[in-house]
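Starting off, we have a lone chain in the form predicted alone, written out as structure tokens.
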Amino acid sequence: MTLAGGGWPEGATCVALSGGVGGAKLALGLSHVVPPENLTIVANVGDDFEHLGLRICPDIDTLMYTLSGLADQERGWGLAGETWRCMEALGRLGGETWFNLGDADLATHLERSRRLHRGECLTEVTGALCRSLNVGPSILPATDDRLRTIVQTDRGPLGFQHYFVRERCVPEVTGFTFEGAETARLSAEVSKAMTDPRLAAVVICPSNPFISIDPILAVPGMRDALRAVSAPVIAVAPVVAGEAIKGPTAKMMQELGLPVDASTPALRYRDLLAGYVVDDADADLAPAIEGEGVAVLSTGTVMRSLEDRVRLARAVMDFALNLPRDVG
């Protein structure tokens, strides 16, 4: 199968694993290559937290806003045309304002929290919000159960948002734990997407491997599901020429004593992968990665425009469709 001579194979499905900003860029590209009804995005929930009495789901919301065309393109997160009067008023009252929530964004958290409080699960709530915003692909939380990323640092353990936003990634990282992972379960919807006989490709988006992809893989059953699929599993490097395109990936690699290059995620995922996509700037890393039994594609992976995102998505899908289906 190939996209080179036509469109996406009729009826075939694709699953993508994604964090927030970086992953959402490729997810948007994939939505222009794969029919939206055949694309499922499994979202990280390790970043979720309770704040101001509300459930905040940053990665789900970034995906949702990006795929609905409502995201702020300059910031890369939140809604375009946002205002901040609630935060200003909260500050005057002495409330916590370290995590900035826009006025329109607050509506999402209010409605999500209302639905959760009345007994709906996160998958149901996310589906309802996506339908309201006309999001075509299915965005599924990796689990409906509580799972929280804890960053172990030289200043002690920190919830991810406290490390990332409040402390601005300054503390030195020594490791990660995922609270709730032992008892979390894959949702029925995620399991169904992973076992669909029409599944043609699984894509691990260029998201931070430690805080975006590892929390998804930490859900019991997810690694087994990835190993069991007949479709190729492809990952896209989140590092180009030794630098992260977005976020603290490179800083974390350095502090953990890992090589700060595109090979590190490949080796981290190697038991799951059939293929790995690196930027042309890192083509010299291909032989070492291929030596681990993982096929490598080098292409342009920096996504500055919608055209870049669609082009990379097409390259990834072509790569996946031409790999053997009995590895992944």
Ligand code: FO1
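Numbering starts at 1 and follows the sequence shown. Since we're looking at a predicted model, the values are computed, not measured.
There is another form of the same protein, the form predicted in complex with the ligand; it is not shown, and what comes next is about it.
The candidate stretches are 190 to 198, 237 to 245, 222 to 230, 100 to 108, and the one lying within 4.5 Å of the ligand in the model of the complex by heavy atoms is 100 to 108. Using a 4.5 Å cutoff between non-hydrogen atoms, Gln161 counts as a contact of the ligand in the model of the complex. Contact annotation: Phe176 falls outside 4.5 Å of the ligand in the model of the complex, judged by heavy atom distances.
Using a 4.5 Å cutoff between non-hydrogen atoms, Cys86 does not count as a contact of the ligand in the model of the complex.
Using a 4.5 angstroms limit between non-hydrogen atoms, Ala80 is distant from the ligand in the model of the complex. The candidate spot formed by Asp261, Asp279 and Met303 is out of contact with the ligand in the model of the complex: none of the three has a heavy atom within 4.5 Å.
Among Ile150, Val165, Leu133, Leu116, the residue placing a heavy atom within 4.5 Å of the ligand in the model of the complex is Val165.
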